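Have a look below at one chain only, the form predicted on its own, in structure tokens format.
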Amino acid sequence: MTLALETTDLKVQLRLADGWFTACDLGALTPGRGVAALLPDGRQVALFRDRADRLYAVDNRDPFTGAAVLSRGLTGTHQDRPFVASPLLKQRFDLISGECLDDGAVRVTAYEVRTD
């Protein structure tokens, strides 16, 4: 099986406090995998595209370790909630709300995402 690279002019944008920020080309996101992008303030965001072409973005920093690794985590669903599991300590973060599914007192920032 040969995979062809997707060609599109669509851009992935995140809603920040001062408006929409273009993070990357849609073609840079492979379904089921994450990528990291740098925000204007120096923070990193983890971007995900699922197999149904839904887009998600959360802070890339794992709050349990401080490492910028969530973009390298495994994605899945739990009770119809999409999540990314940290590759280090395996805590799961809801990709819509940012809530940690394993510790409700912990969360990461989740961003509204669109294509333009």
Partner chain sequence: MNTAPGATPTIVLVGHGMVGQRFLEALAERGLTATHRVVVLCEEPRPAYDRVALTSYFSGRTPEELSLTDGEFIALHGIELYVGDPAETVDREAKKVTARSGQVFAYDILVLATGSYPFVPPVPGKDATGCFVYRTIEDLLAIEEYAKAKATTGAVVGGGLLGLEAAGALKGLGLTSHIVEFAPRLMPVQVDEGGGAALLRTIEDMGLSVHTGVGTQEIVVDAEGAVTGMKLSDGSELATDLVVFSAGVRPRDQLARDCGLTVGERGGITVDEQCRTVSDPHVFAIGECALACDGRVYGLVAPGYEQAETAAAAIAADETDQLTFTGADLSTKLKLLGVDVASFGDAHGTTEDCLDVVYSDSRAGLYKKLVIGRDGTLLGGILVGDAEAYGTLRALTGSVPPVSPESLVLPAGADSGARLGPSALPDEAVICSCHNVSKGTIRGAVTEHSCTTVPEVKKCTRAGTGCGSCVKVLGRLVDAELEASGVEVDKGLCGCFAQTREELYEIVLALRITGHRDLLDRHGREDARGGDGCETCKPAVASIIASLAPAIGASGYVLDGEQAALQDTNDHFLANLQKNGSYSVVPRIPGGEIAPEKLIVIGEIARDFGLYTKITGGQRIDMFGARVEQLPLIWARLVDAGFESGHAYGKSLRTVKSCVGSTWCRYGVQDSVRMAIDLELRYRGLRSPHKLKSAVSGCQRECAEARSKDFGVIATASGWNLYVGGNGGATPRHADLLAKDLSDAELVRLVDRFLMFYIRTADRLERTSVWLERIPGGLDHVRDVVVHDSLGICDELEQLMRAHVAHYRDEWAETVGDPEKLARFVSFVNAPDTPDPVVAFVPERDQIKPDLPLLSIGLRPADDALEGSAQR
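The model shown is predicted, which means the values in this text are computed figures rather than measured ones. Residue numbers count along the first chain shown, from 1.
Beyond what is shown, the protein has a form predicted together with its partner chain; the following relates to that form.
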Even though its partner chain is not shown here, does V69 get within 4.5 Å of it in the model of the complex, heavy atoms only?
yes
Give a yes or no for D94: in the model of the complex, does one of its heavy atoms lie within 4.5 Å of a heavy atom belonging to its partner chain?
no
Looking at the partner-bound form in the model of the complex, is W20 within 4.5 Å of its partner chain by any heavy atom?
no
Its partner chain contact in the model of the complex: D9, any heavy atom under 4.5 Å:
no
Which residues, if any, of 44 to 70 lie within 4.5 Å of its partner chain in the model of the complex when only heavy atoms count?
Q44, D50, R51, R61, D62, P63, F64, T65, G66, A67, A68, V69
